[in-house]
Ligand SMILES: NC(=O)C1=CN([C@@H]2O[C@H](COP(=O)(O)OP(=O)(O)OC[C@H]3O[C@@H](n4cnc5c(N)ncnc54)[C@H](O)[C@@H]3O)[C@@H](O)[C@H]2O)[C@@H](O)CC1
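Have a look below at one chain only, the form predicted on its own, in structure tokens format.
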């Protein structure tokens, strides 16, 4: 966690810690490069509507919602995140989502996946708590309908043992599209709503939601993080039309309202965030290298910042000193800014594309 100004002198011994140094560096980095190349890039990143910039004040959002280090705290107070995803084919995505939550500052990070993915994910890092409780159709191919219902109920019962411990769920990284698996995850999402647990939906979770919008419809603690193609499918499903690039903000507002007030983080050249009431943008220059895995890191990051934003709202009795005041929007702003800046710094350091294509 990043320490706010005026920290107790008793924390001085932490100044040399790697975690503290990294977090202080990230906050400083968000102020942006001062060099001409960065400024030139930023000129093309502003999101303008009606002549007014909607760029979010991401640095102040980060400073406000990140909890202070406190020697009286205990394990779990800084966030307990669960990632629902991971099957035989996809083990990297749930790992990236879960480990990013830990690296940002969450205390505990769980992964609920299939047995075929569990051993692989466990081997990536001993820091993750991995639960191999999900099942795919191939593993129950010889089971009749009654047996399948029993397996589904068993999975849900096992997950429910943990539900109340989590501050946020990330649904979808590496989930795959197996019908039985998606059916079970649908039930988990319904139980999360009943327990008032925030959910961040990404990857194959968006495929599930697009085909069953009622899973998130009317749930203000749901965040969707679609890329270009996922956003296109959502617009076609909910609004019944093609994407309108001439009215991106109006369309995003309509989409959020059409789904019932969920928050959407539309990923792109400039990330757009809306809860159906406002639109905010994060135009911090990221990386021209758009490789797989960045979205998974973003989803895990949103989960942590969303849970911190909710804690901030409780601590300030619903009267925060920052705007906007919706914790889902604040979480998206903070995560988008941090991940984009991290991508920018990584690319500046590695310059992999420039080495291959000097003219790029």
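No experiment lies behind these values; they were computed from the predicted model shown. Numbering follows the first chain given and starts at 1.
Separately, the form predicted together with the ligand exists; it is not shown, and the next lines address it.
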In the model of the complex, which of the stretches 169-177, 109-117, 248-256, 143-151 has residues with heavy atoms within 4.5 Å of the ligand? 169-177
Would residue 92 count as a contact of the ligand in the model of the complex, using a 4.5 angstroms cut-off between non-hydrogen atoms? yes
Any chance residue 237 has a heavy atom within 4.5 Å of the ligand in the model of the complex? no
Would residue 203 count as touching the ligand in the model of the complex under a 4.5 Å heavy atom rule? yes
Could you confirm whether residue 229 comes within 4.5 Å of the ligand in the model of the complex, counting heavy atoms only? yes
Heavy atom within 4.5 Å of the ligand in the model of the complex: which of 103, 88, 233, 193 fits that? Just give me the one. 233
For the stretch 290-306, I need every residue with any heavy atom inside 4.5 Å of the ligand in the model of the complex, listed N to C. 292, 293, 296
